[in-house]
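Only one chain is given next, in C-alpha cells, and it is the form predicted on its own.
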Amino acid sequence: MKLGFIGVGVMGRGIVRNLMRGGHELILYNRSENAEVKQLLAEGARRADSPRSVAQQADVVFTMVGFPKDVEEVYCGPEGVFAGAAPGLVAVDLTTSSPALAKKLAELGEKQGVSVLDAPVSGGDIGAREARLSVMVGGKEAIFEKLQPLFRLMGQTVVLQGGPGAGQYAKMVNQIVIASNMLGVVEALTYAKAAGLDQMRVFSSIANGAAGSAALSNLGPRMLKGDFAPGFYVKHFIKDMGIALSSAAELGLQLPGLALAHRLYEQLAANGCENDGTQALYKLYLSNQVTL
C-alpha cells in the first residue's frame, strides 16, 4: 500500500521504518528535514511538501504530531489532509490528543467520505523501534479490521476501545497510571540514595517484585546512569496530563495524584528540561527543588 506519514519524531521514525519493512511505500511530510527524515529518505521513503500532498498520494495517512493544535492544523488547515483527501481515504491519528478533537475530526471526515481513527500509542522510542507498542483505537470497527495488518507492524497489543474518541480516552487512562508511577519511581530512588544504599542493588531487588513496573524497569536504569535523553519528551507529557485533567473535570472527577505530577513536571520544564525525557523528573528531586 501507499502509506503517508506526517510527523517523523522520536517515535515516528521507528514506526515508519517498521511499515517500510512490511513492504509498504512510505510518503513522508515533516515540518523540518531532520536527521531522522533524511535517513528514512535514504532508505527508500519519499518526501511530500505538505499534508495535503500526502493525502493526495496515499491510501492510508498516519499522523503523529505534538499538540492538539498541531493535529487540527494538519487535518483542517488550507494545506491539510482534508484539503487533499478523496472519498475512501483512511486517516489515523497516532498523536495523544483531545478526545473532543478526535470526535470532531471523525465527524468532519465522514462528511467528506474519509474515515478517521484516533489511535494513540504507548511504549516510547524503544517500543516504536521494536514494534512493541500498545495501540489504543477509536473509530468504526470495519475500518479498524481493515487496518489490522498495518497496526500489527507497529505493536503487539492493538485494541479497539470504542467509537471516535475512545482511543484518546484510553490513552488518558494510560497516562494517568504513568504519572503517579513515575512519582513513585523517582521518590523511591531518591530515598535509596539519601539512605546511603547502592541504588542499583536496590533496583535489582525490587524490579521484579510487587514494586515492579515498566517505568521502573525501563527508566530506572536511565535515571541512575544520568541518561535523560528523550524516549518521550517532558513537554509532551505535560500536554498529555493537561488533557487528562481537563477531560477529568468534564467528567466531574478530581485526580489529585495526576494534578501533583502535572505541577512537578511543570517545575521541571521551568528549569529548562522540557526537551528531556520523562525520567528527568529525577533531576528535580536530586536538586532538592521540589515545591508542593
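In this text, residue numbers run from 1 along the sequence as written. These figures come from a predicted structure and were not determined experimentally.
There is also a form predicted in complex with another copy of the chain; it is not shown, and the following applies to it.
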- Query: Does the 4.5 Å heavy atom contact test between S247 and another copy of the chain in the predicted complex come out positive?
  - Reply: yes
- Decide whether E79 counts as a contact residue for another copy of the chain in the predicted complex under a heavy atom distance cut-off of 4.5 Å. no
- Task: Flag A42 as yes or no: does it have a non-hydrogen atom within 4.5 angstroms of any non-hydrogen atom of another copy of the chain in the predicted complex?
- Result: no
- Proximity of V290 to another copy of the chain in the predicted complex, heavy atoms at 4.5 Å: yes
- Establish, in the predicted complex, whether Y169, N174 and A215 all lie within 4.5 Å of another copy of the chain, using non-hydrogen atoms for the distance. yes
- Item | Stretch in contact in the predicted complex with another copy of the chain, which is absent here, among 223-231, 31-39, 252-260, 54-62 (heavy atoms within 4.5 Å) | 252-260
- Message: Within 4.5 Å, heavy atoms only, which of I143, A211, L108, L153 is in contact with another copy of the chain in the predicted complex?
- Response: A211
- Message: Using a 4.5 Å cut-off on any heavy atom, which residues of 8-23 would contact another copy of the chain in the predicted complex?
- Response: none
